[in-house]
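Okay, here we've got a single chain as structure tokens, the form predicted on its own, with questions on binding and movement later.
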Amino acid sequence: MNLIPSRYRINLRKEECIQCRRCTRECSFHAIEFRGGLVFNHEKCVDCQRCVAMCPRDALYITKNENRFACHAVYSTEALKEIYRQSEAGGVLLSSMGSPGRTVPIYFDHLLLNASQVTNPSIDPLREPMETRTFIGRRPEHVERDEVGRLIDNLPPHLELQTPIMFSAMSYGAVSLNVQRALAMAAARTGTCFNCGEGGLHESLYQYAANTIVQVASGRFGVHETYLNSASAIEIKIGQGAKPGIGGHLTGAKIIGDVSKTRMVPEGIDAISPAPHHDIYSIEDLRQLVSSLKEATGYRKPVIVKVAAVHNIAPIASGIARSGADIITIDGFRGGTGAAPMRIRDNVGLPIELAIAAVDQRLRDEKIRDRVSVIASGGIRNSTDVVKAIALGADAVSVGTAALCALGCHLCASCHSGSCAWGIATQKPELVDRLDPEEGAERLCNLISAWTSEIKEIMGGMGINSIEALRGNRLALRAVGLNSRELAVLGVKYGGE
């Protein structure tokens, strides 16, 4: 009754295998053992591809298990497996990374970009100026001059980004310190920012203050005055795309050594962030926290409010803009996470494309768009997604899963196990050491450089020479395969119109 077929099968080309046993040492999930020969525990395999990548003879490969239950129009094999697992264990199903969104369209894939032709010439990014630099934060309401006509600097605190791409929040504990080091170094070299997440900031990363965003979440883990002042911006995390409306949970097994010190919680004790901030139940309460953080940092740093994309996100964003926050981060339901209840991850929230378009239009209608910048997060996969997100109304984007993939992640969705074979979502020293932060930083820099170059090429083909001119320019987009209601929310015309 309890037999649940494994998701994957480990396959061996026996003629290629030299019995070096490297696969047994590399598999952190103990799916491969040596007992006089290689023995495969298929039920433990998560398809992390570590054994495949490290095999010197290309002798291993992973396939999906072909065994399946009886066909049923309603109950798929996966649905049955989940029922069997819960009937045996009685617990909540957990998973990691972003939602696969099997039945929800990826709207980026239904949007096409306009290109310049005869009457609106394109721009050659190799020979003409192309501005990818952008400034994130509140814009001054008016220009002031002194008695002799010189401009008075009344610019509120802001972030200056050389590229409209930032690294999303990933906390120390959920990911290893080597991951955060790689992100911090890459952010400094490319002129952007990384977000340390809600787990505090390790003291070795204070040197990257100019490229760091620190987070204040409901648990207030690792939050103190030095922490707040060791960053270029402060983010109040209300919610995240992978699990809107619920809090966070880092298991005690990951709270060891410096993780415990940085988070300011005892070793081995679960760190649980409540679902709500218990001092925020209204926009007025949010305004008070925003003001407190600005006061604590001498009004020198912009304050960000991060919320998940939900059905009433437009009025929520309007309230946040009026709370005194300088930036709003909106996280779509495909945003990644270290651990989330599977049912919430796959069924709560909205795709980021719909949320960004709705928020941008609402803020424009209320004539408060310049009070805040908007950052799109959750489901940004490549440079065209970046361009489309900005054209829908974002000022910049934040990427998490794509950055982890650059560091070696293979999306096996087992972050919550703490046994990441690539040294990313783990605190086990022998696994952490598998990720070289210098090499990781180089790979991240290459990714950001490649995306930025492609953004310049795309904008040049559109006849646009700056991120500012692209922001909210929905005339540069056309849609295919969408209905009239979706077109109305996105504010985009159909292809051919």
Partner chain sequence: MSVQVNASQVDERTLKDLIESESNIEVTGCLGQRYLGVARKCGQLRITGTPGNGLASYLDGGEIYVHGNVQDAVADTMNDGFLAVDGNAGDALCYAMRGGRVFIRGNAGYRAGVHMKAYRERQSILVIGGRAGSFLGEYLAGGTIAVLGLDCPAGSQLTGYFCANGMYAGSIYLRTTARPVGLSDKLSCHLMDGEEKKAKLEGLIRDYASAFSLDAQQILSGPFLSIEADPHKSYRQLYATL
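These numbers were taken from a predicted model, which means no experiment stands behind them. Positions refer to the first chain, counted from 1.
This protein has a second form, the form predicted in complex with its partner chain, left out of what is shown; the following refers to that one.
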- Please pick, from Tyr172, Phe221, Phe167, Trp422, the one residue with any non-hydrogen atom lying within 4.5 angstroms of its partner chain in the model of the complex. Phe221
- Considering Gln288, Gln117, Gln162, Asn347, which brings a non-hydrogen atom within 4.5 Å of its partner chain in the model of the complex? Gln288
- Query: Out of the stretches listed (278 to 286, 389 to 397, 189 to 197, 103 to 111), which one is close to its partner chain in the model of the complex, meaning heavy atoms within 4.5 Å?
  - Reply: 278 to 286
- Indicate whether Ala314 is a 4.5 Å heavy atom neighbour of its partner chain in the model of the complex. no
- Query: Any chance Ile238 has a heavy atom within 4.5 Å of its partner chain in the model of the complex?
  - Reply: no
- Though only this chain appears here, would Ser260 touch its partner chain in the model of the complex if you measure heavy atom gaps against 4.5 Å? yes
- Contact flag, Pro274 vs its partner chain in the model of the complex, heavy atom cut 4.5 Å: yes
- Query: Thinking of Ile328, Asp365 and Ser449 as one candidate spot, does its partner chain come within 4.5 Å of a heavy atom in every one of them in the model of the complex?
  - Reply: no
- Query: Within 323 to 348, which residues have a heavy atom closer than or equal to 4.5 Å from its partner chain in the model of the complex?
  - Reply: Met342
